[in-house]
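To begin, one chain is listed below as structure tokens, in the form predicted on its own.
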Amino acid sequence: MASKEKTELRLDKYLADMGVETRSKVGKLIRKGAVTVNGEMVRNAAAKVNTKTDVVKVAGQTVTHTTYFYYMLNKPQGVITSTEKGPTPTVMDVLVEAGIDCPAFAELAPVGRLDKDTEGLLLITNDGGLNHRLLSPNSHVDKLYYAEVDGEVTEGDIKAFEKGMNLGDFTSKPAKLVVKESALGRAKTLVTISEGKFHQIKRMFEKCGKEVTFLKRLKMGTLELDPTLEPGEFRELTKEEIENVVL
């Protein structure tokens, strides 16, 4: 589904959607007189812009409105999060096999990464501005994972996650670890992190002497994995999901 269903948008939203700056910073640019519409300076952030006919410029540079597409993929195991062709199947190959029909397919890219053997929620879009905002270290977008672990998860492990861990090349931010089920030396857990470092959750459990045997992302920010999607299946985001993710 494309994010643009109307031909008219507020000027600040238009510019923020196109990745010029955040909504608040765009407002400052407008008030400073850095934005023109059809050659006329506009200082009102709420002014309406026709996305098909109006020419919008920031500091003399034209900002063209692009239709964006947003897809939710339940990434299966065994594929890599990449747009580059190679010997290993990619998430883009999965979309093709699942029958995606997107006029901007060549522009699509996954938001963040999931390890090859990790499955679950992956957002794929041609909205580069959103991609940047969600992955920015300053965004602190929470990500929820379901993890099955070999070993008994203790109260000490929970506190270690909450405190943050020195993993050698970086110290993780505080994370939330919840034990859903524990029996016979195995545990089913939920882990919430605000980062996405390489193998981060696996490394955190390893630091506690445990091994992750299965990992699945369930949620990223406000976006939750559709439980009806089987691994390898995808769907377009709903209008409500787009509004919650983009704004």
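Computed from a predicted model, the values in this text were never measured in an experiment. One rule holds for the numbers: they count along the sequence shown, beginning at 1.
The next section is about a form of this same protein that is not shown, the form predicted together with uracil.
Taking a 4.5 Å heavy atom cutoff to uracil in the predicted bound form, the contact residue among 79, 114, 147, 177 is 114. Shown without its partner, this chain lists 36, 200, 66, 192 as candidates; in the predicted bound form, only 200 has a non-hydrogen atom within 4.5 angstroms of uracil. The shortest heavy atom separation between residue 49 and uracil in the predicted bound form exceeds 4.5 Å. A residue is said to contact a partner when one of its heavy atoms sits within 4.5 Å of a partner heavy atom; residue 187 fails this definition for uracil in the predicted bound form, lying far away.
At a distance threshold of 4.5 angstroms between non-hydrogen atoms, residue 220 is out of contact with uracil in the predicted bound form. Uracil in the predicted bound form comes within 4.5 Å of a heavy atom belonging to residue 118. This chain is displayed without uracil, yet in the predicted bound form the stretch 200 to 208 from 66 to 74, 27 to 35, 52 to 60, 200 to 208 comes within 4.5 Å of it by heavy atoms.
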